[in-house]
Every structure is written in structure tokens, then in C-alpha cells.
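Coming up is one lone chain in C-alpha cells, specifically the form predicted on its own.
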């Protein structure tokens, strides 16, 4: 009996290895849990296009929106674990979601096979152009002393603009009136019109308006200044060193996807990031690309665990308030 079991196990291993060697033999679907045209979608399309060339099969994007991105990720987590359905996860869907959605139908740390980090988009603190503060220190002091007279805009629970301003407000002791919008576009319109006072959002959404002087940028929450906004200081330079936030985007596969297939997908993602044209397109958006040590599957697995630990206390305190 033991010999039969060993033979069956060996046969299964050979079959699995053969599948991995021939993968992919059909198009790969990448689920993006946000609307077309947003930062996560743009990053997914840029890396997916190059991954198609490397893998020899199209990587097609499917946008499934809802509930701060968790609707699309929930569906993707339930897909057959064969490498033909993957997803572009995000700081919200795989870091903040457990604190924001008590009935979340997936565990970001356990229900996926991490493929690799794709790109991050640093957060910029912006305000209406005539906001009465000349720098970040004055801005933080003004928020703290003026309370709910100040209007802060965000794009809904689980949006980067919501989560990152929750963190900012908790660090500076602010308690503003918050206004919910349907996306970054409407937020920018009201910021430029002076109808709201400030917001926190991804650099990809803000570069044009900042350069035009339509809104005011106080700081970028990254370790270094961005080449696309060289005059905007980092939060460390501006006096708020603990506020470091980049809205990361990373590829995942459903739990149980064979390791050899994950390795192939990781390699294709890495080649996309190294491709000069793809790199330039991402960097021109203001994106931050992962360093070599940040590209591995296991590094991403540990990173997700740390992100959950980072966001949970901040967001739970905010919810309690």
C-alpha cells in the first residue's frame, strides 16, 4: 500500500511540474479591484503589458470595483489556483481591509500566494491654494487648533485618501469635518474651487494640479523627494518624520497556486519592472519602484503581515471615535 501511495505522490508531482513547465498555455486574467484609469489600474496595465511579452500569453485586465477594492479581491481569492487568474492587490485590500471590514471574506496574510511588489505611489498632503499656512508645521498646528471648522475630503472608506488622512490626523491631533467624494477627480475640483480645505492622495492624481499652482502641496510622505515634484519637501524635511505612506501595489495569486507557476509570474513581473520603457512610464507618473530585495514572494508575504499590524490600530481607533 505504501508503495502505491508513494507512486501516486510521485506521479502527482510530475504532473504538477509538467504543468508549471508549460505554463501559460492560455491568456492570464489580472483582476484590478478599482476603476479603470486609477493608479492601481494604470500600474497593472503597464506591468501586465510587458508580462504578456515575457510569458507569451496576453495578460488581460478585468476591473471589479466595490467596497474599497475588497469585492474584486474576494472574487479573485476564490478563483482556481492555476495561475490563470491573478490580482493586483493594494495597501487597502491587503493592509487596511481587516480593520475596516469586520466581515471580510478573506485573510490577506493567509489566503494568497504573493507574486511580487509592482510599484508604489507616495502620498502627498495637499490643500486649497490659499490655505493659511506657509509650511507643514503651520498646517499641522492650524488643523489642530481649528477642529471641525476645517473640511477634509476623501474618496470613501478604504480609499487611500481616507486611510492616509486618518493617519495624518491622528499624528497631528486633528479632528476635521470629513466629506466623502466619489473619487479623486471630484476632490480635486472642490479643492481647486476652495470648497474643501485639504486632502491626502496619491502623487499620480495630483502632479498636474500641483505644478499648475491650482492646489498647494505641503509635503510628500516618502523617504526622498519625487523627481516629478522636486520642490515639494518630504514629510521628514518638513517636520513630520513619522508620517511615511506609500500606496503600494502588488500581484497575488489564489492560495494553492503551484510554487513553480508563482516563480514564473514573479520573474515576468521583475522583467517588466526592469524594462526601460516600462520603468520610465511608471517613474513619469511619480511611482516608486521596488528595490531588488523587495521583489521576492516571501518578502511580500512578510510585508503584508507588517502592513496589517501597522494599519489596524490606527484605523480601529479612528472607527471608535
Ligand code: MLT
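From a predicted model like this one, the values you see are computed outputs, not experimental measurements. Residue numbers count along the first chain shown, from 1. Here, rigid core means the biggest group of C-alpha atoms that superpose within 1.5 Å across both forms.
A second form of this protein, the form predicted together with D-malate, is not displayed here; the remarks below concern that form.
- Only one of 106 to 114, 209 to 217, 153 to 161, 72 to 80 lies within 4.5 Å of D-malate in the predicted complex by heavy atoms, and it is 153 to 161.
- Out of the listed residues 183, 147, 173, 241, 183 is the one that sits within 4.5 Å of D-malate in the predicted complex by at least one heavy atom.
- With a 4.5 Å cutoff on heavy atoms, residue 38 counts as touching D-malate in the predicted complex.
- In the predicted complex, D-malate sits within 4.5 Å of a heavy atom belonging to residue 202.
- Core-aligned CA deviation for residue 113 between the shown form and the other one: less than 2 Å.
- Annotation: Cα of residue 181 displaced by at least 2 Å between the shown form and the other one, core superposition.
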